[in-house]
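Here you get one chain, nothing else, as structure tokens; it is the form predicted on its own.
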């Protein structure tokens, strides 16, 4: 890290989700979600299968668009910070045929 880097890269970006809603056809997956994540904080999203965890993460990564509500990075729309956004999928996508070894030497 150098002093020439923008300060937000050193500390992270605060995220705010306000009244977030997402529907797929007639099915409402997310309803009135409010969330504030301070800059630099790690957050785990936990819940039962089908409760909307992946949908929320896809919205935050910019892979889907919300049906309603606001996604903010600081005071700007989250879409302005998508260049700094990273996503890691749960399953192997690069080499799906490659199996992970579970044995330790």
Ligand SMILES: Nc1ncnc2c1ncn2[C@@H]1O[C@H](COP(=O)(O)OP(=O)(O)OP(=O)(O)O)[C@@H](O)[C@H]1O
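Positions refer to the first chain, counted from 1. What you see is a predicted model, and the numbers here were worked out from it, not measured in a lab.
Just so you know, the form predicted together with this ligand exists too; it's not on screen, but the next bit is about it.
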item	value
This ligand contact in the model of the complex: residue 72, any heavy atom under 4.5 Å	no
Contact flag, residue 53 vs this ligand in the model of the complex, heavy atom cut 4.5 Å	yes
Residue contact check: residue 29 to this ligand in the model of the complex, 4.5 Å heavy atom	yes
Partner contact for residue 36 in the model of the complex: this ligand, 4.5 angstroms, heavy atom	no
